[in-house]
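Given next, in structure tokens, is a single chain: the form predicted on its own.
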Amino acid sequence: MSILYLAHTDDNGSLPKAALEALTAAQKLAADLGRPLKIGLLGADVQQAAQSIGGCNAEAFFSVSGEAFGPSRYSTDAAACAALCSAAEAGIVIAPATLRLARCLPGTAYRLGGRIDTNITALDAADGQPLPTRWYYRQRMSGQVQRDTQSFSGPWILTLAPGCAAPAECPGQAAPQAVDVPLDGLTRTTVTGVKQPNVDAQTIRPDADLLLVAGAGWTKKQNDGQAHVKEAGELLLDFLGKTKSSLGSSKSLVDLGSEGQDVLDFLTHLHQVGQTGSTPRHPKGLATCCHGEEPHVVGWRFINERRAVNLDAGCGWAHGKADVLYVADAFDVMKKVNELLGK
């Protein structure tokens, strides 16, 4: 049975970076297992996406396209993905763990009588079967998943977490075979548009080179005995605007509002980095006013270079968790950094 690489297009018709990373994993798995690789694309117009990966040595290209399949909608996405899997006669499906596919692929697996394992971080092969790796227990343990594929009739769907493989670069000519998906009853939900912040107001940037993490120290009383939350917010946003870096926070900072303390109003639970938050994969990370305790640092395991600014020379970052620790006042440091960036 074949291996199907499944992806959707962005609004501009191209494939997202996570999708190109998943293609690298699919190519490797197809080579390791000696099985044919097929491509399934979903979107309003998939021709640009097909041309961008036309040289991937796939045996066949399939597509579901049209205006109804442009926006993210569970009913149409699940039906389209099921149709692509059936057309490709897929035994294994590799897809990126994007928000759109993460929502519809579990339903796709159920419709086809298959199984799904999500957010895998590595993909090997053993005994003629995939051997995916994923994290467990708040990403403190990793384990490999094995399934008896003879025990279910549908495909084994695997979604690859972003940042786990190099993006594929294989442009070429491709002419996808259109797969028909009847729309009867699938468009009762109407997508009227997308609301999103301006580019400068967006502070979560997964593809940024640098992650800036703010700790609870930003909202505490400073040397003069007063809290300077407004100034802290201005310093952080000024840095983000000049560097286009991504912003994270510790859980304590996000939760201070429930304790009646002033907070940085642009931080949400989506910014949390650590055991109760996200595990980003930026090349560099800078922690400011964070103590570097284990629940928070666990989210930094995939950051390649770690630096921290903290007044406490004995904080967790100094215990082998940071490559460089600056024992200094984060307010003074960020003021100087922003001044240098302004030049």
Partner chain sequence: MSYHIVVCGSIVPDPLQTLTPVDGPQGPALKNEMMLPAVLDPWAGHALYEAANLAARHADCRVWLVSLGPKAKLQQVMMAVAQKAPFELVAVDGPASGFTDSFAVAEALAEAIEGIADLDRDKLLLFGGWQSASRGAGSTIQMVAERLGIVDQFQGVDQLNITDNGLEVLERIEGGSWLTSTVQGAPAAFGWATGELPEPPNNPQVGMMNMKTIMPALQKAKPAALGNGFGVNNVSLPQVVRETRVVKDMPVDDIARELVDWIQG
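Everything numeric here is computed off the predicted structure, so don't read it as measured data. Positions refer to the first chain, counted from 1. For the two forms, the rigid core is made up of the largest set of C-alpha atoms that agree within 1.5 Å on superposition.
If you look for the form predicted in complex with the partner chain, you will not find it shown, but the lines that follow are about it.
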Does the 4.5 Å heavy atom contact test between R306 and the partner chain in the predicted complex come out positive?
-> yes
Hey, in the predicted complex, does E293 get a heavy atom within 4.5 angstroms of the partner chain?
-> yes
Is the gap between W317 and the partner chain in the predicted complex 4.5 Å or less for some heavy atom pair?
-> yes
Mark W135 yes when one of its heavy atoms lies within 4.5 Å of a heavy atom of the partner chain in the predicted complex, and no otherwise.
-> yes
Looking at 175 to 183, 92 to 100, 223 to 231, 122 to 130, which lies within 4.5 angstroms of the partner chain in the predicted complex, counting heavy atoms?
-> 92 to 100
Could you spot which one of G299, G40, G285, G43 gets a heavy atom to within 4.5 Å of the partner chain in the predicted complex?
-> G285
In the predicted complex: members of 103 to 117 within 4.5 Å of the partner chain, any heavy atom = R103, P106, G107, Y110, R111, G114, R115, I116, D117
Does A44 move its CA by 2 angstroms or more between the shown form and the other one when the core is aligned?
-> no
H296: with the rigid core matched between the shown form and the other one, does its Cα shift 2 Å or more?
-> yes
Shift of C170 between the shown form and the other one at or above 2 Å (CA, core fit) | no
